[in-house]
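Two forms, one protein chain; structure tokens for each follow separately as structure 1 and structure 2.
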Structure 1
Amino acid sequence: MSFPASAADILTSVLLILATITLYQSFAWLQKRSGRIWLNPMLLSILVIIPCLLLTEMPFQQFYRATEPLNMLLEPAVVALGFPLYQQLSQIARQWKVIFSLLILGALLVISISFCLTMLLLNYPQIAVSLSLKSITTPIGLALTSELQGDTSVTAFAIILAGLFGALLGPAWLKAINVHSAKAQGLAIGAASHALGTATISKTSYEHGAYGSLALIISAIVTALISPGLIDYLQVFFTGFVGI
């Protein structure tokens, strides 16, 4: 962890953090006002900051170092997610067998398919790790990506896209394949499109929201437990396989 040293560095750091927060809050306000899910403040802030860095010719490393305090808040943010988990405990206790088996199988399936597809099409292990972890909530996805030597920026981007796809098209798709119950819709959207999808489906009914958040929390925990072993295995399989 490196802190800015000189007064100029500290000033740059404060200004860049303030600018990032202001930008994010403006987009968050815009999304709230318009009610459009695709006006995602995280995605739009990233899309505005990138051209700004290119125009001012500021290297990414400098921006990243200056905004390091924001990054340091990632760990407490993950811990805070224990609160919704605590709120869902009684529901988990009642139906843990079905929900856990379903979400464990789902996680196994999506990690394996994402990893294999990426390796077959791109042959790029770092990106394969990132894309395998895209269905879970951002703080846990990023923590796991750094642990498994993936690329956090690709994971962050992939997580937003997975969230947007599920939030925008998920409910219509589920209806098209005859999935109508609130429990099935909530669990599916929560597992595939984490908080972004859950926020959208919560507007349908309270039950949708409850199952959505339940799925997003359990999926994240299940993925955290199985991904290190599974990804290690897949990496060995592919490096051995492709290396021949």
Structure 2
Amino acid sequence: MSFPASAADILTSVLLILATITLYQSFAWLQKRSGRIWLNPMLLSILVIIPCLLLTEMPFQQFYRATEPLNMLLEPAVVALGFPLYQQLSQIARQWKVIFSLLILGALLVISISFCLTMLLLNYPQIAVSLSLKSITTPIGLALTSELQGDTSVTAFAIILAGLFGALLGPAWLKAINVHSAKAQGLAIGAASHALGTATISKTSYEHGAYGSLALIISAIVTALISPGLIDYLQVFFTGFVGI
């Protein structure tokens, strides 16, 4: 972790942090006022920040270092999602076997399907590793990608997309396929769209938030435990498959 050293760097960091917060809060106000779910403040902020970086020719790494204090808030933000989980803990405890089984199966399927499809379409192991880790929270996803020789920039982008699609389209899609249970919706969004999806669906009810938080936590732990061995196996399998 590195923070700006000179006075100019500190001033730049403060201005960029204030601009980022102001931009996000402005879009959050717009979404709340309009009631449009697709006016997601994170998505709109990204769509503004990227062109600004290109126009000013500021490297992303410089922007990332300058706004690192904001990135540090991601961990406590994830922890805060555990509050609704605590409120529903007694109910969850009665169903833990089924919940854990579903989330473990979900993690296995997400990793396997993402890796296999990428290899079949692109035959690029580095990208396959990166995309297979798209459905967990950013710090764990990036750490695993680095450990497994994937591309962290691809993983970061895929994680953002997974979160945005889950937040924007997940609840509507689940209702369209007749999944109306708060428990099922929370588990599905939390497992597929990590913190951003869970934060969005938590606005529906505490029950949604509790099961989304549980899915986010368990999916991250399970993925961290099984992905190294599973991805190694899949890489060996596809190496042999291509060699045949």
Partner chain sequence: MPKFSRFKHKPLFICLYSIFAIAVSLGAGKMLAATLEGLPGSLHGMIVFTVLLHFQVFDAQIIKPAITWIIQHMGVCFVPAGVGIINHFELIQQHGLAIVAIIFITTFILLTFVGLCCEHFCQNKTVNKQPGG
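Not measured: the values here are computed from a predicted model. Every residue number counts along structure 1's sequence, beginning with 1. So that the term is clear: the rigid core is the largest set of C-alpha atoms that superpose within 1.5 Å between two forms.
Of the two forms shown, structure 1 is the one predicted together with the partner chain, while structure 2 is not. A hinge is where C-alphas change from fitting one rigid part better to fitting the other better; between structures 1 and 2, that place among Arg94, Thr152, Arg33, Asn123 is Arg94. Of the two rigid parts of this chain, the smaller turns against the larger by 12 degrees between structures 1 and 2, per C-alpha superposition.
Here Met42 exhibits a Cα shift of 6.7 Å between structures 1 and 2, evaluated on the superposed rigid core.
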